[in-house]
Each structure stands twice: as C-alpha cells, then as structure tokens.
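What follows is a single chain, given as structure tokens, in the form predicted alone.
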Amino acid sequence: MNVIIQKFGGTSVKSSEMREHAASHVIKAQQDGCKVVVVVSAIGREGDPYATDTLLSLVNKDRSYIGHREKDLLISCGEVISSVIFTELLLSKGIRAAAMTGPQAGFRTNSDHGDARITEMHCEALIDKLKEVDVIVVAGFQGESTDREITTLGRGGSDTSATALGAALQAEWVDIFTDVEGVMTADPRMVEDAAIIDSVTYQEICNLAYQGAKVIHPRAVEIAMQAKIPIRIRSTMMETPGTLITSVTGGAVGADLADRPITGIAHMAGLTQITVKDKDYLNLQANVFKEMAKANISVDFINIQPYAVIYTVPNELADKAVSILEKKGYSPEAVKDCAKVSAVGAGMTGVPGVASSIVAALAAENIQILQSADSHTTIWVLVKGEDLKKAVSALHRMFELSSRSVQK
C-alpha cells in the first residue's frame, strides 16, 4: 500500500466549511491511488465547544481538583469527537472511511499524563483496517500507557501523532495542514515581505521551531528525521505545495546551501536577562543553576564568564528567580522585557562573515546586543523588547530573504 499521512489542526476542522476543504485534500490523495491515514486535532480553539481549552474550562483549568489522569480522560474526548465527525463527512462523500482512537491506532506511551512520550507503535489493527477501507481518521494527541491508561502527548501532540504514524507505517510523506501556506522566512507580523520557504532541512525547521516559529512541533520533526519521512507544511485552503521538510541529502534539498547561509529568522519575546556576579566562580555556577532547578525555573541562553553567570528566564518567572538568588546572598541584575532573535541556516556552517553581518545589521539600526551565542546552524542575539521588530526586519533585509528564491 502507498500510505500517506494527512494531519489537520484545530483551525482546519473548526467549521463545516473548513472540514469541506480538508476533505478535498483527502479525496484527492485517495483518487491518486493512496491509502490515507488522517490525524485530526480537537475542533477549533478556546470558546469552540469541543476544543481542548474549552473542555478544560469545564473543570476550572489550573484550579481544578482533578489530577492529570482525569484531565487526560477529559481532553482526549475532543480529538475523538473530531475524528468521528470527519469520518461522517468522508462517508457522506462515498469514501470508505473509519475512525480510530489513538490507542486503537497503536500508540503506546509512558505514564506521564499531560505530556506523555510515545514508547512503541502497535499498528497491526490499523493496517488490517486499512485493507478494508481507503481512509482511517485517527484521533491525534493521545495514546495508552502500559497500564492501560489514556494519556495525552502535550503541546504539538497531534503533529507528533502524525509523524509517529508516518514512521510506523513507512508512509510516503506526512502532510501537516494548517492556516498558513508554509514555513516563512520570518513572522509576517514582524516583516511584511516575509517569503514562503520552498524547502528546509529537518535540522533547520527544528531550530526555527525551538526558537519561536510555531508551524510544527520540533518533537514531530525529530521523529520524521529519524525515519527519513518527508514532511510538507501546507494550507488547508489552498492546493499550493507549501514547504517541504526533508534531509540535506534528499536530492532537491541541499544543492545550494552555500548560497543560502540563512534560511529564516525566528524570535522569542517576553524574556528577562539575569546576570549574577561573584568572585567565588566555582560555587557561583553550581549554586545558581541548582537553585533554578530546585524552583523548577527553566533557564535559557546561558553564558558563563569567569566571575559571572548570564542567562534568561520568562518574564513571569523573573521576580521569583531574583528573589531566590537574593536569599542566597547574591545581587542579581535583571533586565526585563528582552527578546531573543535567531538566525537559522544549515548553510552558515564554515561560512565566514555571517556573525559580522548580523552585528553590522543591528548596529546600523542602533540596536544594542545584550548577549549572543552561536552553533553550527544558528546564531542567537538578545535585544531589548522594544527593538524586536527592528531587529528581525534588519536581519531579514541583510540576508535578502524576501528578494530572492529560498529554494534549495
């Protein structure tokens, strides 16, 4: 069987009109001779009757008396409802279709309710069913633990469901349908002339996602990368090809990396930079990060100097972090409302001048760099929040991301 996976997010199934558009993609793939496994999210967003946040509001969300186990039972209903409704639509159009929950489709997870990890895929029942029908609609975001409990996969769970099925079924590709035309060179709210990227490597899209781009969850990409399953990010409303995510050795991708050192600019706002100085540098480094870990405060953008530690935390945790450090006898300096801007590109490896171009672009706009770091494929800078839009636009212009094709 030639199997493809099509995943439709909450906005893609939120109304009868949107479900009609989604169904048209399924029907086209089926007419092209493919067996289709569809993965659906819960219908809509908060306020819509069966959306995840709406279901959680029925039990007072974070103030609820129930635990994570019972919350998983509740919110898994949203995807089950969505899968049955979408199956009904396909059947009404003469498509042989069937619905399955995550556990029925073969998802086995650990017992970490609310943020479970897939441990095994047992898709025998799904494969048998796919011999009888042309389309199976699977409830995304959910699985079953080894002790037969319903679990949910956390943020980006339906994306992860889709690529896990793609890997288990050795699918031809995975389509992620959403409300955008594909991955863009920058957030179009920041850069008016941001362009759609024709193709990116797995590593690039992971870095873009981790640094703030929200088109696909990086965990889903990592699964596809291990299995070498191509992913396409596409618009539910259009027939355009969108963005192809595949390996650097995949033929169409990778030929022109040297001509494209930067693929896209991502950003993450709402950060506080914390600087802690002390002459006792050995204890300083150990104490600071141990105290942050004990308080369950996630730290990022870490720079360690001989007598100072610099890192960022989300704005909402800044006061707590500072208070903890002060109680340990330190005098931390905090700069609130910062933003991390990331230039991502597999082609920058070994290419001189990328960092200097970033510095020059920001200097030309009088933007102060508070902190920086780099890897083989990403250069990060921390700027004041008020400079975020200017910084993203300046880097986008510097690397001409909107003035030429970004196809590899």
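Given the structure is predicted, the values throughout are model-derived calculations rather than measurements. For the two forms, the rigid core is made up of the largest set of C-alpha atoms that agree within 1.5 Å on superposition. Numbering starts at 1 and runs along the sequence shown.
One more form of this protein should be noted, the form predicted in complex with a small molecule, which is absent from this view; the next part is about it.
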In the predicted bound form, segment of 105-113, 212-220, 295-303, 142-150 with a heavy atom within 4.5 Å of the small molecule: 212-220
Taking the small molecule as it sits in the predicted bound form, is Val183 near enough to touch it, meaning that at least one heavy atom pair lies within 4.5 angstroms? yes
Lys290, heavy atom within 4.5 angstroms of the small molecule in the predicted bound form: no
In the predicted bound form, Phe177 touching the small molecule (heavy atom, 4.5 Å): yes
Residue contact check: Lys93 to the small molecule in the predicted bound form, 4.5 Å heavy atom: no
Triple contact flag Ser15, Arg232 and Glu239 to the small molecule in the predicted bound form, non-hydrogen atom at 4.5 angstroms: no
The one residue among Asp187, Glu172, Glu333, Asp337 placing a heavy atom within 4.5 Å of the small molecule in the predicted bound form is Asp187
Core-aligned C-alpha movement of Met268 between this form and the one not shown reaching 2 Å: yes
Honestly, after the rigid core fit, is Met18 moving at least 2 Å at Cα between this form and the one not shown? no
